[in-house]
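Given next, in structure tokens, is a single chain: the form predicted alone.
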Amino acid sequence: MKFYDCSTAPSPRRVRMFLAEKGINVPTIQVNLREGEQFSEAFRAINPDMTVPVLELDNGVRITDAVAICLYFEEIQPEPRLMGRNAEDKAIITAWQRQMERDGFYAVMEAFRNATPGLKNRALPGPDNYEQIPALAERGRMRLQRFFTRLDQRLAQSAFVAGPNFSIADITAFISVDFARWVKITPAEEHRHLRNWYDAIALRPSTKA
């Protein structure tokens, strides 16, 4: 088994944090995104989509999506449960995980990839080039502000994003907040519940993975 990672990228960090919570170690190969290693012929043979993370299983099967990789490890090592314990719990956590991804993680990606000079013509990850659209960068920043407000409201009612227990939804939300610093956006002083939740999550050893 091999895990293709980039230590500076937020998407594979979601998997690293998930694995750390479960106490799982996987042999890791670093892919230097800054130097464009993901575009090399060698890496294209591993993942034609030219993105990380990638989990390569011992039988040669490759899983190329962060949440799908987490699901694989949840199945082979259920405890501690990070994606739900029963049908209702799994459905609720999945819904919140997708909301954190859509409204947080993807909002930062929209703002960052459409405004960063080094990503000219790379407004979307993957094998195809797309021009940056400045208006989408502004929209991403607006979405982030609303994301922080709504997440703060949710955390005023719940200890964790998806309910009383820490889950993959908290991992995605936490990394989205960190990722937002790349576009110089942080929770405001009035986001008291969000800031308290963030400080508590930051104490977990998995955040250093």
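Bear in mind that the values here come from a model prediction, so they are computed numbers and not experimental data. Just count from 1 along the sequence shown to find any residue number.
Another form, the form predicted in complex with another copy of the chain, is not on view; read the next lines as being about it.
K.L.:
Which one, Val26, Ile29, Leu33, Ile63, lies within 4.5 Å of another copy of the chain in the predicted bound form by heavy atoms?
P.N.:
Only one listed residue qualifies here, and that residue is Ile63.
K.L.:
Just one stretch in 143 to 151, 179 to 187, 33 to 41, 159 to 167 has heavy atoms within 4.5 Å of another copy of the chain in the predicted bound form, so which one is it?
P.N.:
Among the listed stretches, the partner-contacting one is 143 to 151.
K.L.:
If we define contact as a non-hydrogen atom of the residue within 4.5 angstroms of the partner, is Phe112 a contact of another copy of the chain in the predicted bound form?
P.N.:
No, Phe112 stays farther than 4.5 Å from another copy of the chain in the predicted bound form.
K.L.:
Mark Leu71 yes when one of its heavy atoms lies within 4.5 Å of a heavy atom of another copy of the chain in the predicted bound form, and no otherwise.
P.N.:
Contact with another copy of the chain, yes.
K.L.:
May I ask you to state whether Thr94 is within 4.5 Å of another copy of the chain in the predicted bound form, using heavy atom distances?
P.N.:
Heavy-atom contact with another copy of the chain at 4.5 Å: present for Thr94.
K.L.:
Taking heavy atoms only, is Asn121 within 4.5 angstroms of another copy of the chain in the predicted bound form?
P.N.:
No, Asn121 is distant from the partner.
K.L.:
Any residue of 120 to 153 with a heavy atom within 4.5 Å of another copy of the chain in the predicted bound form counts; write them all down in order.
P.N.:
Contacting residues: Ala123, Leu124, Pro127, Asp128, Asn129, Tyr130, Ile133, Ala135, Leu136, Arg139, Met142, Arg143, Arg146, Arg150.
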